[in-house]
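Encoded as structure tokens, the following chain is the form predicted alone, with no partner shown.
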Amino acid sequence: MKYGVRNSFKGKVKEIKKGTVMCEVVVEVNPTTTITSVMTLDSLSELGLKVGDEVTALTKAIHVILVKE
């Protein structure tokens, strides 16, 4: 399947934090980098995601904000 996304990161689901309607899925890309995705619990269920699953995180954004401290 093709996507119109240039940024993709392969990783493993490290943690799933469930709320009442939404959840955060934390993906470990490497030992020092994680990406967090926020989705509904329905989407989590439909995807069948669980801790330890191998996934690809696709990112597409129109804003990139840089901060220099």
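Note that this is a predicted model, so its numbers are computed, not measured. Note that residue numbering begins at 1 and tracks the sequence as displayed.
Here the subject shifts to the form predicted together with a further copy of the same chain, a form of this protein not shown in this document.
Not displayed here, a further copy of the same chain is kept clear of V51 by more than 4.5 Å at the level of heavy atoms in the predicted complex. Although the partner is absent here, E28 sits far enough away that none of its heavy atoms falls within 4.5 Å of a further copy of the same chain in the predicted complex. Residues from 27-53 that approach a further copy of the same chain in the predicted complex with a non-hydrogen atom closer than or equal to 4.5 Å are V27, T33, T34, I35, T36, S37, V38, M39, T40, D42, S43, E46, L47, G48, L49, D53, in the order they occur in the chain.
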